[in-house]
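Take a look at this one chain, the form predicted alone, written out in structure tokens.
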């Protein structure tokens, strides 16, 4: 659905922040992009719907070139963006009006707009807050509102650019649950994150380092190389760290064990022997 071909970009006249990025994102995929601060992951995210245009290289979305001005509206309808700070995406003073803002700008007929508003609020569990003022919501509720505003535009791809970074644990849990539900419903999800435990939700992981793709694989493949991740300033989920410590002592737990539940099961098997 999205293809980046040898993409490089630098802000203003600075050196390139990302260099020679080539990446294909497939229909229905759940892709996680991780990296330390300054690695270029959010810069890549902003190229996925034409918010940034490459200094060199090309980005295609469903066959449309993001640098083609005639295609950019269609591209942004197909690729929704949810950012780190939900306040930056809220533009009205009533929840339901904010959700309807995007479809209204697309020229959707009013009855259809309200259908989309109802549907989007239901999907993110915010129907009871539809008449509420956004500034009266919690951080997690505001982020759910921002997601509803994107969903109302009916994108096929949703990019979450560190959308859980400013949330408390409950807010993060709610947003992650929405991502999982959207992926299960067939949406293509791209998640930019620094929370390595969130990576376990994905089908595939891209690790960014110094503006380039350093690793590309399934969560199992990525976390087999915990030392390489640490060398790039990244941590690993707690179950993986425990697994590796146990394996260093000779327990030989498979690399596919990534969660606390599966780790506990493996330890129980060995103790029962």
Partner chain sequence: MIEFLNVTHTYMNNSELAHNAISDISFNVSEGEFFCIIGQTGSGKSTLIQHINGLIMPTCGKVLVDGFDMSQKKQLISGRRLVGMVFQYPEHQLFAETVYKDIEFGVANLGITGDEAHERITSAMEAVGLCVSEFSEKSPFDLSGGEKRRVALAGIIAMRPKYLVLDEPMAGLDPMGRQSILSLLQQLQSELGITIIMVSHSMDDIVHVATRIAILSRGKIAAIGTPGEVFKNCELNAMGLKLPQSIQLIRSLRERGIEIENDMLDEDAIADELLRRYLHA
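On a predicted model such as this, the values are computed, not experimentally measured, just so you know. Positions refer to the first chain, counted from 1.
FYI, the form predicted in complex with the partner chain isn't displayed, but the following is about it.
Undergrad: At 4.5 angstroms, heavy atoms only, are 166, 173 and 251 all close to the partner chain in the predicted complex?
TA: Yes, because 166, 173 and 251 each have a heavy atom that approaches the partner chain to within 4.5 Å in the predicted complex.
Undergrad: Give a yes or no for residue 235: in the predicted complex, does one of its heavy atoms lie within 4.5 Å of a heavy atom belonging to the partner chain?
TA: Yes, residue 235 sits close enough to the partner chain in the predicted complex that at least one of its heavy atoms falls within 4.5 Å.
Undergrad: Can residue 264 be called a contact residue for the partner chain in the predicted complex at 4.5 Å between heavy atoms?
TA: Within the cut-off, so yes.
Undergrad: With the partner left out here, check for me: in the predicted complex, does some heavy atom of residue 37 sit within 4.5 Å of the partner chain?
TA: Taking the distances in the predicted complex, the answer for residue 37 is yes, it comes within 4.5 Å of the partner chain.
Undergrad: Residue 246 near the partner chain in the predicted complex, any heavy atom under 4.5 Å?
TA: Residue 246 belongs to the contact set for the partner chain.
Undergrad: Would you point out which of 72-80, 191-199, 125-133, 90-98 contains residues with a non-hydrogen atom within 4.5 Å of the partner chain in the predicted complex?
TA: Going through the listed ranges, the match is 191-199.
Undergrad: Of 219, 50, 239, 57, which residue is found within 4.5 angstroms of the partner chain in the predicted complex when only non-hydrogen atoms are counted?
TA: Residue within 4.5 Å of the partner: 239.
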